[in-house]
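Just one chain follows, in the form predicted on its own, and it is written as structure tokens.
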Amino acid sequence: MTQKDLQIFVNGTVNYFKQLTDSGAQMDVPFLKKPGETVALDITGVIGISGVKKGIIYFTASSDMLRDVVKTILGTENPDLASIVDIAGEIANTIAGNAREAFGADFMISIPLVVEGPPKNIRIPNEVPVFVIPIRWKDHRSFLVVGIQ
């Protein structure tokens, strides 16, 4: 994965928050995930990648952050747990969909899988460098994790 490829995911994330919330997100410096390291918060939206490129991307955030995103988007004061969980998958799906536009039709994405708690069975190819992109939105932090060959 090149820096240009990684920038596509960063731009997709920034654009998501800019378009759908009242304040944009800021990206901190991406870093390489160490082998065996788990990068996960309360809820994680996972997208499998197949076709010309293979791997996985996932967006992971605290339930408080996702609750605030749902409040902002839907204008509801007390979102239910289903909406909070769903938004993690929606964010991951939107970021992957934007990447698909950049990479072309052979960049195939799965439907989102949403996991509460640390994801235990997410398989990222061992030979692929896995980049972690820290994201700040309002007072919250989250991570976009990209491992694609």
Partner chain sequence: MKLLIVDDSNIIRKAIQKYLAEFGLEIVGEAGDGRTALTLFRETSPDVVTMDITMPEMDGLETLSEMRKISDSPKIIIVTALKDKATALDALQKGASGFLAKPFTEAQLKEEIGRAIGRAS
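Positions refer to the first chain, counted from 1. Only a predicted model underlies this, so the values are computations on that prediction, with no experimental measurement involved. Whichever C-alpha set is largest while still superposing within 1.5 Å between the two forms counts as the rigid core.
One more form of this protein, predicted in complex with its partner chain, exists but is not displayed; see below.
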Thinking of V10, L32 and E37 as the candidate spot, does its partner chain come within 4.5 Å of a heavy atom on all of them in the model of the complex?
no
Heavy atoms within 4.5 Å of its partner chain in the model of the complex: which stretch in 66-74, 24-32, 51-59, 38-46 meets that?
66-74
Going by a heavy atom distance of 4.5 Å, is N126 a contact of its partner chain in the model of the complex?
no
Using a 4.5 Å heavy atom cut-off, state whether V115 contacts its partner chain in the model of the complex.
no
Across 1-31, which residues bring a heavy atom to within 4.5 Å of its partner chain in the model of the complex?
N15, Y16, Q19
Look at T21 and decide if its Cα position differs by 2 Å or more between the shown form and the other one after superposing on the rigid core.
yes
